[in-house]
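Below, in structure tokens: the form predicted alone, a single chain.
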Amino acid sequence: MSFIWNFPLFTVLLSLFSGPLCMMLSAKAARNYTIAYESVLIGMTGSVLAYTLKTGTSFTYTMGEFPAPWGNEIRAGSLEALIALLFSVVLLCSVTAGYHFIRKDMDESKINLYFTLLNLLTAALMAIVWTNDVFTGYVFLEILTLTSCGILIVREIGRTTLAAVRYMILNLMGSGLFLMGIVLLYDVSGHLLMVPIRQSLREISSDPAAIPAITMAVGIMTIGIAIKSGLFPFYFWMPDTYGWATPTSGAVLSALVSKGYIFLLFKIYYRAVGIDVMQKTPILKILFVLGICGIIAGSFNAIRASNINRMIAFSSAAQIGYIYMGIGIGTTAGFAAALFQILAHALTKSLLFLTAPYLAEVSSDSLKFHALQGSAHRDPAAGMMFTTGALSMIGIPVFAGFASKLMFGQAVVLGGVHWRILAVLATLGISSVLNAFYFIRTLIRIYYDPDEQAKSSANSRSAFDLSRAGFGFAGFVLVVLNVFLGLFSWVVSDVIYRGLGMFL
């Protein structure tokens, strides 16, 4: 067994160990340690990705050396490694770019506790990515929920407390439904490990009378994850949750936590149940319709938003709709497009949530659109980075958002169902126009100063400021990766397709 086979487990254990350790460190030491160990995570996940691509195979690490169906398994393929690498990079960028506001938004004595929560959240994300067991997925899904509420409520203002309570209630409802679905799935299949579940369901589904039971089990799990990830019509908690959190928390919750939930559901669909069985149920068609509704509803609400963070949050609801629409197409190409959207959205939304507060800071600490007039001149670096994220969301060529929309169009055309082709192409066109409306309007505001006083403002920053080296580093990494996804989407899509092949 190669030593690299231990790396997936190490990412979980190191993150779990790092949580309690940060409780004993000072705020600055906890920050530095978290940055260091997240860099190690990038190295380990990158090594697993390189190994699986080189060998062309996945590997399974059996916990305690107990075989299925009794043992717990960690499974690593190119797809899991790619997602884990993405999560590690975005976590590192969120900490380095957002630390300025972590110090600003919370008491110094509690910062080390914030990093404790963030590291436990990282452990949950890593476990969800690597697990080959649906019940283990549920356990860490609960840890992810609790730590998410913790990093939200640390900013002690009334709005974050209200948002955290609402987020907790809805997420507990989703977790309860997901657990009920697992119980029913176990009752139907007799297994909790993903491969045995698929083998059992493939035999059972040959009897049409078994399809309603499978639909009920998987459908209840889907509703639970839909609530937790913000699929239409369950997205109403997003504006307060993302908009009032400290920027690091907003970036992590929007870019990673919701994607962790969806990736677990994706693995259940593709690896535990199987596309052939899923196509016998109405679940994919329902997700397809709800995904389109989420795209349109989220975009219209973003247009109506009164401040920049709420606009970005509603835009997240629309982007979540894209992912579910891709899954709802019900083909391998559709699932691949949905996975590419997870990558594109994680990089772009973290960039937007991390840069918007810097624009507000040079605008009397206001997120209102009228106060942001000319803010890109007062903070040129933040303006440039926000512009990159906005252009990607619109779908301008060269950026990740364009490649994502192109993959959705290709996936539905390859699917060959005429009504889906018309629905997806129409949705892509309408959503692009709506995205352009509210993002271009925002770009005009942050670059246009009718009084021509932006550059002489007392709050102005130079384009390069050594005190913001962490923000500059994180922004540069996210911009480069966004452009890489846009220009070399075929490289990433090839990894996705190879990973999907390893799934089976």
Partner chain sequence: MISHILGNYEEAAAVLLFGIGFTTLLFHRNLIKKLIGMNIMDTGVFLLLASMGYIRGRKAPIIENGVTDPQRYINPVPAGLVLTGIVVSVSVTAVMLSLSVRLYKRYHTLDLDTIYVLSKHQKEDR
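Every value quoted in this text rests on a predicted model; they were computed, and no experiment measured them. Residue numbers count along the first chain shown, from 1.
Unshown form predicted in complex with its partner chain; subsequent notes refer to it.
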Non-hydrogen atom within 4.5 angstroms of its partner chain in the predicted complex for each of 138, 168 and 177: yes
Residue (of 285, 103, 304, 368) lying close to its partner chain in the predicted complex, criterion heavy atoms within 4.5 Å: 368
Residue among 161, 206, 199, 279 with a heavy atom within 4.5 Å of its partner chain in the predicted complex: 161
Interface stretch in the predicted complex with its partner chain - options 384 to 392, 405 to 413, 83 to 91, 140 to 148, non-hydrogen atom within 4.5 Å: 140 to 148
Its partner chain contact at residue 192 in the predicted complex, heavy atom, 4.5 Å: yes
Residue 396 within 4.5 Å of its partner chain in the predicted complex, heavy atoms: no
Heavy atom of residue 184 within 4.5 Å of its partner chain in the predicted complex: yes
Touches its partner chain in the predicted complex: residue 211 (any heavy atom, 4.5 Å): no
